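Encoded as structure tokens, the following chain is the form predicted on its own, with no partner shown.
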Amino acid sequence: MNKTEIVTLKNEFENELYGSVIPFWINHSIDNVNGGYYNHLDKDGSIYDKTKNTWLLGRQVWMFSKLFRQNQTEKKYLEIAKIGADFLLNNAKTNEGRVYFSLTEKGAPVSIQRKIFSECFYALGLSEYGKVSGDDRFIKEAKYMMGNIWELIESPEKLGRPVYNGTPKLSSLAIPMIMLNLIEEIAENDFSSYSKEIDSCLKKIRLHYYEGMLIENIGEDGKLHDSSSGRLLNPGHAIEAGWFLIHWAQKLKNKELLNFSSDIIRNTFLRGWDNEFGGIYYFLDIEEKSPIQLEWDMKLWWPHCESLYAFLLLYSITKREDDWKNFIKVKEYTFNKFPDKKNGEWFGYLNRRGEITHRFKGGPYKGCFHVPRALLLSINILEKLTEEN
């Protein structure tokens, strides 16, 4: 690749982010009457359900706060982030310090999950908004919630999830990887006070290492659990964890961790890519038994977003030709299949052959996050590569 190719890619990513994806959310998601954002948006941006999901509220606050951090003259980004941050602060938290999973249009509670992720994305969004706005209330609230999250991790019975005599004792990859990302976002380069937690998360993630990849669930003894859950590989999740680990390898100046992370990304992609129809499988069984998830062979937007950035980040460090080729391979499939050239933003769900199965752009788990995050992070890497060439 040469400088011209890199500049062309950078322009394409910028046009996609600022000309298609972000305008879609600005034009259709903002609730200027009640606050917060609508996230159930059809392909043309029309609202088909007014329920508001806190995962996506927190993520969208984070996204627009990040956009403002990068584009300080675009005050509208900060204003949009404030609409979501205020709505979360006023409505999302329970009296016990938990965070609801979904709210009504006006902010009344609808449901709560027996998981920590609503709390994580609540803290993620408020922390970034507090930093760029200079309003310490949001930073304090994010750090308070961070404390609550650690407590829930250490005492999972507080989540209200029953444990029976026959319940397998499995550790989930999702928890240590999201906590590493949350620490990175909240602490940034001042992470010394989290050294114990960082070390614990890294050790827990390593337990999930199997045949060069990261499996979703591992026995508490660090051994493979002989069950469908124990053999589950989510390629997108493993690759996303891989680039989280690369960020920490760079922060900690840890070459071994960098090599470990790089192997995870490459090996998982090799296993997860569909050589017949293209794209990345949603779920696989690590021992090639039949996955039990009915949607196992679908192609979702977010694993491709994570792989897009992971390989570009990897190439920027290694300058290996195979990392660049994999980046281009993912980019060509992703940009060919997911973007909606007519209405803007991306479709999220394809069948194995790459045909659209769900026409909406926003749902309970798809919002203003994976697509714009991958594009923004990739633009920054392409800018760096442009300067190097």
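Just so it is clear, the structure is predicted and the values come from calculations on it, not from any experiment. Position 1 is the first residue in the sequence shown; the rest follow in order.
Omitted from view is the form predicted in complex with another copy of the chain, to which the following refers.
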Among Y282, F260, Y77, W273, just one has a heavy atom within 4.5 Å of another copy of the chain in the predicted bound form, namely Y282
Which of these residues, N71, T318, S111, S133, gets a heavy atom within 4.5 Å of another copy of the chain in the predicted bound form? S111
Since only the chain is shown here, I'm wondering whether S192 would be in contact with another copy of the chain in the predicted bound form (any heavy atom pair within 4.5 Å). no
In the predicted bound form, does P156 have a heavy atom within 4.5 Å of another copy of the chain? no
Contact between K93 and another copy of the chain in the predicted bound form at 4.5 Å, heavy atoms? no
Is R266 a contact residue for another copy of the chain in the predicted bound form, using a 4.5 Å heavy atom cut-off? no
Looking at 61-69, 25-33, 327-335, 48-56, which stretch has residues with any non-hydrogen atom within 4.5 Å of another copy of the chain in the predicted bound form? 48-56
Only counting heavy atoms and a 4.5 Å limit, does any residue of 337-357 reach another copy of the chain in the predicted bound form, and if so which ones? Y349, R353, E355, T357
